[in-house]
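Let's start with one chain on its own, the form predicted alone, as C-alpha coordinates.
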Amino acid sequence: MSIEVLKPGLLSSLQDGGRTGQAALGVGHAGAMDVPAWRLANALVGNTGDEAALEFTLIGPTLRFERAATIALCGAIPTAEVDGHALPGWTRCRLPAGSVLRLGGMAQGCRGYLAVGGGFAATPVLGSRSTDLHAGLGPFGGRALREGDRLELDPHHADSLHGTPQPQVQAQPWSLDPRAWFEPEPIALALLPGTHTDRLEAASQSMLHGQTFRLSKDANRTACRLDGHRLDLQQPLELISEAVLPGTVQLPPSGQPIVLLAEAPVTGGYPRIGQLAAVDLPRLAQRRPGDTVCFHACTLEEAQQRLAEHRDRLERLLAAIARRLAAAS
(Lines give C-alpha, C1' and ligand atoms only; values in the text may rest on other atoms or scores of the structure.)
Protein backbone atom coordinates (compact mmCIF):
# COMPACT_ATOMS: atom_id res chain seq x y z
CA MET A 1 0.00 0.00 0.00
CA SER A 2 2.67 2.48 -1.05
CA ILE A 3 4.14 4.60 -3.81
CA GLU A 4 7.61 3.68 -5.05
CA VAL A 5 10.00 6.48 -5.98
CA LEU A 6 11.54 5.57 -9.36
CA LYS A 7 13.15 9.00 -9.82
CA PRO A 8 13.21 11.55 -6.99
CA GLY A 9 13.01 14.81 -8.92
CA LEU A 10 14.60 17.88 -7.32
CA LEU A 11 14.29 18.53 -3.56
CA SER A 12 11.12 16.42 -3.39
CA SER A 13 9.87 16.14 0.18
CA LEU A 14 6.72 15.68 2.22
CA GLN A 15 5.31 18.94 3.55
CA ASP A 16 2.25 19.94 5.57
CA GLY A 17 1.36 23.16 7.38
CA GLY A 18 4.64 23.12 9.32
CA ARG A 19 5.75 22.99 12.96
CA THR A 20 4.35 25.54 15.35
CA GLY A 21 5.30 26.38 18.90
CA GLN A 22 8.82 24.92 18.71
CA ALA A 23 10.92 28.08 18.24
CA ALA A 24 11.93 28.12 21.91
CA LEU A 25 13.62 24.77 21.24
CA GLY A 26 15.45 26.21 18.24
CA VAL A 27 13.20 24.39 15.76
CA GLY A 28 11.89 26.39 12.82
CA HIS A 29 8.51 26.22 11.11
CA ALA A 30 9.29 24.48 7.78
CA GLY A 31 6.12 23.31 5.96
CA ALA A 32 4.90 23.97 2.43
CA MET A 33 6.57 26.91 0.69
CA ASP A 34 3.35 27.73 -1.20
CA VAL A 35 0.64 27.12 1.38
CA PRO A 36 -2.33 28.06 -0.86
CA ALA A 37 -1.22 25.59 -3.57
CA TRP A 38 -0.72 22.87 -0.93
CA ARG A 39 -4.19 23.48 0.53
CA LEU A 40 -5.88 23.50 -2.88
CA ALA A 41 -4.20 20.25 -3.92
CA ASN A 42 -5.45 18.61 -0.72
CA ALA A 43 -8.94 20.03 -1.21
CA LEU A 44 -9.19 18.63 -4.72
CA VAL A 45 -8.61 15.07 -3.45
CA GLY A 46 -11.05 15.51 -0.56
CA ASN A 47 -8.51 15.98 2.24
CA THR A 48 -9.75 18.43 4.85
CA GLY A 49 -7.06 18.36 7.55
CA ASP A 50 -3.34 19.00 7.67
CA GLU A 51 -2.40 16.11 5.38
CA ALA A 52 1.10 16.17 3.96
CA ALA A 53 1.60 16.53 0.23
CA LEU A 54 4.69 15.98 -1.87
CA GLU A 55 6.49 19.24 -2.71
CA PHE A 56 8.98 19.27 -5.60
CA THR A 57 11.15 22.00 -7.12
CA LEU A 58 11.59 22.71 -10.86
CA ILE A 59 11.63 18.98 -11.76
CA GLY A 60 9.09 16.48 -10.47
CA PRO A 61 9.58 12.82 -9.51
CA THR A 62 8.59 9.60 -11.22
CA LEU A 63 6.36 7.43 -9.02
CA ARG A 64 4.78 3.98 -9.24
CA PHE A 65 1.41 3.61 -7.48
CA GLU A 66 0.89 0.11 -6.09
CA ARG A 67 -2.81 0.73 -5.52
CA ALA A 68 -5.46 2.93 -7.10
CA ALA A 69 -5.25 6.51 -5.85
CA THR A 70 -6.90 9.89 -6.19
CA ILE A 71 -4.36 12.65 -6.81
CA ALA A 72 -4.14 16.34 -7.66
CA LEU A 73 -1.29 18.52 -8.90
CA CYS A 74 -1.22 22.23 -7.97
CA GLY A 75 1.28 25.07 -7.86
CA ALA A 76 3.82 25.09 -10.67
CA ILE A 77 2.78 22.21 -12.92
CA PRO A 78 5.48 20.12 -14.60
CA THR A 79 4.92 18.04 -17.70
CA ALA A 80 2.90 15.10 -16.37
CA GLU A 81 1.96 11.79 -17.90
CA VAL A 82 0.68 8.44 -16.74
CA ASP A 83 1.65 5.47 -18.89
CA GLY A 84 2.01 7.69 -21.95
CA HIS A 85 -1.15 9.75 -21.41
CA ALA A 86 -0.94 13.45 -20.49
CA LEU A 87 -2.26 14.31 -17.04
CA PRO A 88 -3.88 17.70 -16.32
CA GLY A 89 -3.04 19.88 -13.35
CA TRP A 90 -5.29 21.79 -10.97
CA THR A 91 -7.95 19.08 -10.96
CA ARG A 92 -8.75 15.72 -9.39
CA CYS A 93 -7.47 12.60 -11.15
CA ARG A 94 -7.89 8.91 -10.36
CA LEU A 95 -5.06 6.54 -11.17
CA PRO A 96 -5.49 2.77 -11.45
CA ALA A 97 -3.27 0.40 -9.50
CA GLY A 98 0.14 -0.05 -11.11
CA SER A 99 0.19 3.43 -12.69
CA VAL A 100 3.54 5.12 -13.27
CA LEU A 101 3.31 8.92 -12.93
CA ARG A 102 6.14 10.80 -14.64
CA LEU A 103 6.58 14.45 -13.72
CA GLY A 104 9.11 16.43 -15.72
CA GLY A 105 10.23 20.04 -15.78
CA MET A 106 8.15 23.17 -15.25
CA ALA A 107 7.70 25.82 -17.93
CA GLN A 108 6.67 28.39 -15.29
CA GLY A 109 6.89 28.65 -11.55
CA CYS A 110 9.19 26.83 -9.18
CA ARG A 111 7.34 24.52 -6.79
CA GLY A 112 4.60 21.97 -7.36
CA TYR A 113 2.47 19.87 -5.01
CA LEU A 114 1.13 16.35 -5.37
CA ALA A 115 -1.66 15.47 -2.95
CA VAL A 116 -3.10 11.98 -2.54
CA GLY A 117 -6.55 11.17 -1.21
CA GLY A 118 -6.22 10.28 2.47
CA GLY A 119 -2.73 11.71 2.69
CA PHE A 120 0.62 10.08 3.29
CA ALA A 121 1.18 7.95 6.37
CA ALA A 122 4.43 9.52 7.56
CA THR A 123 5.02 9.62 11.32
CA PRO A 124 4.79 13.17 12.74
CA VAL A 125 7.95 14.65 14.27
CA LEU A 126 7.30 17.42 16.82
CA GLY A 127 3.72 17.63 15.65
CA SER A 128 4.32 17.83 11.89
CA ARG A 129 4.91 15.56 8.90
CA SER A 130 6.96 18.28 7.21
CA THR A 131 10.50 17.59 6.11
CA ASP A 132 12.95 20.23 7.33
CA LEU A 133 15.93 19.71 5.02
CA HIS A 134 18.00 22.37 6.81
CA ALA A 135 17.51 20.90 10.28
CA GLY A 136 17.30 17.25 9.22
CA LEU A 137 13.87 16.69 10.79
CA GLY A 138 10.87 14.77 9.56
CA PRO A 139 10.20 11.88 7.17
CA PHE A 140 13.18 9.93 5.81
CA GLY A 141 15.40 11.42 8.50
CA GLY A 142 14.78 14.94 7.25
CA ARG A 143 16.20 14.44 3.76
CA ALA A 144 14.82 14.80 0.25
CA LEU A 145 13.47 11.73 -1.54
CA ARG A 146 15.84 9.26 -3.16
CA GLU A 147 15.36 6.57 -5.76
CA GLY A 148 13.92 3.45 -4.13
CA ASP A 149 12.12 5.25 -1.30
CA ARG A 150 8.55 4.21 -0.58
CA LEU A 151 5.84 6.69 0.34
CA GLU A 152 3.29 4.93 2.49
CA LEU A 153 -0.40 5.75 2.05
CA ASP A 154 -2.98 5.86 4.80
CA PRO A 155 -4.06 2.20 5.07
CA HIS A 156 -7.43 3.22 6.56
CA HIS A 157 -8.40 5.50 3.68
CA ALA A 158 -11.46 3.96 2.06
CA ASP A 159 -10.90 2.51 -1.38
CA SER A 160 -14.57 3.29 -1.93
CA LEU A 161 -13.34 6.72 -2.94
CA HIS A 162 -12.55 5.11 -6.23
CA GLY A 163 -15.76 3.13 -6.65
CA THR A 164 -15.45 0.27 -9.12
CA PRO A 165 -11.79 -0.11 -10.13
CA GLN A 166 -11.09 1.59 -13.46
CA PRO A 167 -8.44 0.39 -15.92
CA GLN A 168 -7.61 3.92 -17.10
CA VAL A 169 -6.84 7.34 -15.70
CA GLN A 170 -9.92 9.43 -14.97
CA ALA A 171 -9.79 13.23 -14.64
CA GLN A 172 -12.55 15.54 -13.53
CA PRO A 173 -13.99 17.56 -16.43
CA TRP A 174 -13.37 20.81 -14.52
CA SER A 175 -10.27 22.41 -13.06
CA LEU A 176 -9.16 25.47 -11.12
CA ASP A 177 -7.77 28.52 -12.90
CA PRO A 178 -4.01 28.68 -12.23
CA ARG A 179 -3.32 32.06 -13.84
CA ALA A 180 -2.85 33.82 -10.50
CA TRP A 181 0.27 31.69 -9.97
CA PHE A 182 2.03 32.94 -13.11
CA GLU A 183 2.53 36.70 -12.90
CA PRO A 184 4.49 38.88 -15.32
CA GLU A 185 7.87 40.09 -14.10
CA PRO A 186 8.94 41.83 -12.06
CA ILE A 187 6.46 40.99 -9.33
CA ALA A 188 6.01 43.64 -6.64
CA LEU A 189 6.29 42.35 -3.06
CA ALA A 190 5.13 44.26 0.02
CA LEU A 191 7.95 45.03 2.46
CA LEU A 192 7.48 46.21 6.03
CA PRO A 193 10.27 48.16 7.76
CA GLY A 194 12.87 46.11 9.56
CA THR A 195 14.77 46.82 12.75
CA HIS A 196 17.71 48.21 10.77
CA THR A 197 16.06 49.75 7.70
CA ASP A 198 16.99 53.24 8.88
CA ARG A 199 20.62 52.15 9.28
CA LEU A 200 20.95 51.84 5.50
CA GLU A 201 22.60 54.69 3.61
CA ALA A 202 20.03 57.02 2.04
CA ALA A 203 20.85 55.81 -1.48
CA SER A 204 20.50 52.19 -0.37
CA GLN A 205 17.14 52.89 1.27
CA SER A 206 15.96 54.28 -2.06
CA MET A 207 17.36 51.28 -3.96
CA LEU A 208 15.70 48.81 -1.57
CA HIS A 209 12.30 50.11 -2.69
CA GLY A 210 13.26 51.33 -6.15
CA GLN A 211 15.45 48.81 -7.93
CA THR A 212 14.64 45.43 -9.47
CA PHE A 213 16.33 42.41 -7.89
CA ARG A 214 17.09 39.12 -9.63
CA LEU A 215 16.78 35.82 -7.76
CA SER A 216 20.15 34.16 -7.47
CA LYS A 217 20.75 30.49 -8.14
CA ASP A 218 21.83 30.42 -4.47
CA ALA A 219 18.35 29.60 -3.21
CA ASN A 220 16.71 26.75 -1.33
CA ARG A 221 13.92 26.24 1.21
CA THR A 222 15.91 28.17 3.84
CA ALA A 223 16.54 31.42 1.98
CA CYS A 224 17.06 33.06 -1.39
CA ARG A 225 19.60 35.72 -2.29
CA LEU A 226 18.52 38.73 -4.35
CA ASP A 227 21.12 40.15 -6.73
CA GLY A 228 21.11 43.86 -7.60
CA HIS A 229 23.02 47.04 -6.85
CA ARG A 230 24.87 46.63 -3.58
CA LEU A 231 23.08 47.93 -0.47
CA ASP A 232 25.26 49.54 2.19
CA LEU A 233 24.84 50.49 5.83
CA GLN A 234 25.75 53.94 7.12
CA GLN A 235 28.35 52.21 9.28
CA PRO A 236 29.15 48.59 10.21
CA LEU A 237 26.95 47.01 12.87
CA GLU A 238 28.00 44.42 15.41
CA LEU A 239 24.88 42.51 16.42
CA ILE A 240 23.94 39.63 18.64
CA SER A 241 21.64 37.03 17.13
CA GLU A 242 17.99 37.90 17.46
CA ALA A 243 14.71 36.36 16.43
CA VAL A 244 13.98 35.98 12.70
CA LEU A 245 11.21 34.22 10.81
CA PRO A 246 10.17 33.44 7.25
CA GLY A 247 10.07 36.68 5.30
CA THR A 248 12.82 38.43 7.25
CA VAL A 249 15.15 40.28 4.85
CA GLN A 250 18.75 40.25 6.07
CA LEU A 251 21.75 42.13 4.72
CA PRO A 252 25.01 40.13 4.85
CA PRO A 253 28.43 41.72 4.21
CA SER A 254 28.08 41.09 0.45
CA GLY A 255 25.44 43.84 0.29
CA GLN A 256 23.02 41.50 -1.51
CA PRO A 257 19.84 40.98 0.57
CA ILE A 258 18.73 37.50 1.66
CA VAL A 259 15.06 36.67 2.20
CA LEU A 260 14.45 33.88 4.73
CA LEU A 261 11.93 31.26 3.64
CA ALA A 262 10.04 28.29 5.14
CA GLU A 263 13.08 26.64 6.76
CA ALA A 264 14.38 29.87 8.26
CA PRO A 265 16.38 29.48 11.46
CA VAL A 266 14.81 30.98 14.55
CA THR A 267 17.66 33.48 15.13
CA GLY A 268 20.04 35.41 12.91
CA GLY A 269 22.84 37.92 13.33
CA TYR A 270 22.75 39.94 10.09
CA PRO A 271 21.04 43.36 9.98
CA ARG A 272 17.31 43.01 9.38
CA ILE A 273 16.41 45.57 6.74
CA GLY A 274 12.81 44.50 6.11
CA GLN A 275 10.06 41.97 6.65
CA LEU A 276 8.19 40.58 3.66
CA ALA A 277 4.41 40.64 4.14
CA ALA A 278 3.23 37.09 4.89
CA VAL A 279 0.70 37.20 2.06
CA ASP A 280 3.54 37.55 -0.46
CA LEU A 281 5.70 34.65 0.76
CA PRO A 282 3.94 32.09 -1.52
CA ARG A 283 4.43 34.43 -4.48
CA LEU A 284 8.15 34.63 -3.81
CA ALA A 285 8.27 30.83 -3.35
CA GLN A 286 7.13 30.42 -6.97
CA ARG A 287 9.92 32.58 -8.43
CA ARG A 288 12.70 30.73 -10.23
CA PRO A 289 16.41 31.58 -10.26
CA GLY A 290 16.78 34.45 -12.71
CA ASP A 291 13.26 35.82 -12.13
CA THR A 292 12.94 39.43 -11.02
CA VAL A 293 11.14 41.04 -8.08
CA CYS A 294 10.86 44.50 -6.56
CA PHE A 295 9.67 45.81 -3.20
CA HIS A 296 7.13 48.46 -2.29
CA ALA A 297 6.79 49.93 1.19
CA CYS A 298 3.93 48.57 3.26
CA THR A 299 2.51 49.25 6.73
CA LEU A 300 1.59 46.53 9.22
CA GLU A 301 -2.09 47.45 8.88
CA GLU A 302 -1.96 47.12 5.08
CA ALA A 303 -0.20 43.76 5.34
CA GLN A 304 -2.76 42.46 7.83
CA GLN A 305 -5.65 43.61 5.65
CA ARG A 306 -4.25 41.93 2.53
CA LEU A 307 -3.62 38.72 4.45
CA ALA A 308 -7.17 38.68 5.84
CA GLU A 309 -8.65 39.27 2.39
CA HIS A 310 -6.47 36.56 0.88
CA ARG A 311 -7.44 34.03 3.54
CA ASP A 312 -11.12 34.86 3.03
CA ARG A 313 -10.87 34.28 -0.74
CA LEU A 314 -9.01 31.01 -0.19
CA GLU A 315 -11.56 29.72 2.33
CA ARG A 316 -14.41 30.52 -0.07
CA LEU A 317 -12.62 28.65 -2.86
CA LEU A 318 -11.99 25.64 -0.61
CA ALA A 319 -15.67 25.58 0.35
CA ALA A 320 -16.68 25.74 -3.32
CA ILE A 321 -14.41 22.80 -4.13
CA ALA A 322 -15.92 20.76 -1.29
CA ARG A 323 -19.45 21.49 -2.52
CA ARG A 324 -18.59 20.49 -6.07
CA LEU A 325 -16.95 17.25 -5.00
CA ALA A 326 -19.94 16.42 -2.77
CA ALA A 327 -22.35 17.04 -5.66
CA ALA A 328 -20.33 14.71 -7.91
CA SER A 329 -20.12 11.86 -5.40
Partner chain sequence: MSSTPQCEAMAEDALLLRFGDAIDVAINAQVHAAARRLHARCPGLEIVPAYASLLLRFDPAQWPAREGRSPHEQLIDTVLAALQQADQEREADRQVDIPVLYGGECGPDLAEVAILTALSVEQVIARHAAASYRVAMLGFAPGFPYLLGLDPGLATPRRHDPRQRVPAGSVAIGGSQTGIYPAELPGGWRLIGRTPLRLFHVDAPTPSLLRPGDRVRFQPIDAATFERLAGAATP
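Note that this is a predicted model, so its numbers are computed, not measured. Positions refer to the first chain, counted from 1.
FYI, the form predicted together with its partner chain isn't displayed, but the following is about it.
Comment: its partner chain is not present in this chain, but in the predicted bound form one of 80, 122, 125, 233 has a heavy atom within 4.5 Å of it, namely 125.
Of the candidates 27, 59, 35, 68, 27 is the one whose heavy atoms come within 4.5 Å of its partner chain in the predicted bound form; the others do not. For its partner chain in the predicted bound form, the listed stretch (45 to 53, 287 to 295, 300 to 308, 60 to 68) containing residues with heavy atoms inside 4.5 Å is 300 to 308.
Taking the partner from the other structure, its partner chain in the predicted bound form has no heavy atom within 4.5 Å of any heavy atom of residue 202. For the chain shown alone, residue 277 is a contact residue for its partner chain in the predicted bound form, at least one non-hydrogen atom being within 4.5 angstroms.
Within this chain, residue 102 is remote from the site of its partner chain in the predicted bound form, having no heavy atom within 4.5 Å. Of the heavy atoms in residue 39, none are within 4.5 Å of its partner chain in the predicted bound form. Annotated contacts: 243, 248 and 267 all touch its partner chain in the predicted bound form [non-hydrogen atom within 4.5 angstroms]. For the stretch 130 to 145, the set of residues having any non-hydrogen atom within 4.5 angstroms of its partner chain in the predicted bound form comprises 134, 135, 137, in sequence order.
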